[in-house]
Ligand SMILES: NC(=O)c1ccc[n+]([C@@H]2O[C@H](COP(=O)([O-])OP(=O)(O)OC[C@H]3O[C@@H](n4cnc5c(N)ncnc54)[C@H](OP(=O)(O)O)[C@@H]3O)[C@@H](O)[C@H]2O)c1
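In the form predicted alone, a lone chain appears below as structure tokens.
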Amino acid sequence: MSVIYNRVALIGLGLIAGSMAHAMRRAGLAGEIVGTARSAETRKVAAEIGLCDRIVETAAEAVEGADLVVLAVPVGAMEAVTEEIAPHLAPGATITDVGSVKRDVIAAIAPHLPEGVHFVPGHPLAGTEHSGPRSGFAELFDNRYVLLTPDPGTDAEAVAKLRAFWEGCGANVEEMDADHHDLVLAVTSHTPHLIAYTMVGVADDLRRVTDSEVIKYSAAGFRDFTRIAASDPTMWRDVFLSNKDATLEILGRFTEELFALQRAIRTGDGDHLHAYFTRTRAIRRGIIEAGQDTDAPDFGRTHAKPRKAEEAEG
């Protein structure tokens, strides 16, 4: 690959931005990578490990002269960061984000952008339960999907350039309407995370099962709930508050399904249970066939490389 952007500014230096930095370097996509984070400690660590070519103290300083600006901060912080950087954005620059909610992010960012700056919202469907500047790795986006949700009328060249950038990072790229994106993610990510948090909370409440038993016997299934529920609490708080309507809709549907299963168990309706589990097993097989996981008995994860765990993104 050749250089696509001369200067990329990463605002926020956690798992996603860090992995973007590694992936950009691997493919030679950026002339210079400039990074910043709100926390002085995060900036210090990022500088120590050479995560970016330059680490600066403020977002305003980071975006100076950048032709791509990536907002990799919690959804709830997007508006304040955009207000800070707006006067410093270069004419013709593209600004994108990595938030797992799109309609609220568009409403928070778009009104503050100056004329001549191209806004292409994005969401990489990749991640692990790890966070911080040390957690990134170049392979995070390989064969994962990145969804772009530009509003109609967005500069086609800017969208094509960002698509090429993400493909250079190893990702599959698709475009989608922002509202449909939020519904899709409520099904595939947001509601499963909420259920995982709930299941872990239930285990904490069931004092008849001791803490040591929960820990020792977690391979029975609880382990996989706890992995998802280990994700960043600030990010997930913002996700649920920002994607409220779609998440509540899918939770309502989940509740209906749960009641039907409760009734089948109560009445001994084995045929219903078998048919239901057969259908859901087929969906799992489809995920494997699409290359988004493996059929390994340990769910595609290896203890030697914990960062490359099964996706637990936003």
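Numbers follow the displayed sequence, beginning with 1. None of the values given here were measured: they were computed from a predicted structure.
The protein also exists as the form predicted together with the ligand; that form is not presented, and the subsequent description refers to it.
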**Prompt:** in the model of the complex, does Val34 have a heavy atom within 4.5 Å of the ligand?
**Reply:** no
**Message:** Would you classify Leu15 as touching the ligand in the model of the complex, given a 4.5 Å non-hydrogen atom cut-off?
**Reply:** yes
**Asked** Any of the heavy atoms of Arg38 lying within 4.5 Å of the ligand in the model of the complex?
**Response** yes
**Prompt:** Does Ser131 reach the ligand in the model of the complex if we count a contact as any heavy atom within 4.5 Å?
**Reply:** yes
**Prompt:** Considering Ala126, Ala171, Ala93, Leu147, which brings a non-hydrogen atom within 4.5 Å of the ligand in the model of the complex?
**Reply:** Ala126
**Item:** Interface residue in the model of the complex among Val73, Ile109, Leu89, Val120, criterion: non-hydrogen atom within 4.5 angstroms of the ligand
**Value:** Val73
**Asked** So which of 65-73, 267-275, 25-33, 47-55 is the stretch with heavy atoms within 4.5 Å of the ligand in the model of the complex?
**Response** 65-73
**Fill in**
Those residues of 92-107 with a non-hydrogen atom no more than 4.5 Å from the ligand in the model of the complex are Val98, Gly99, Ser100
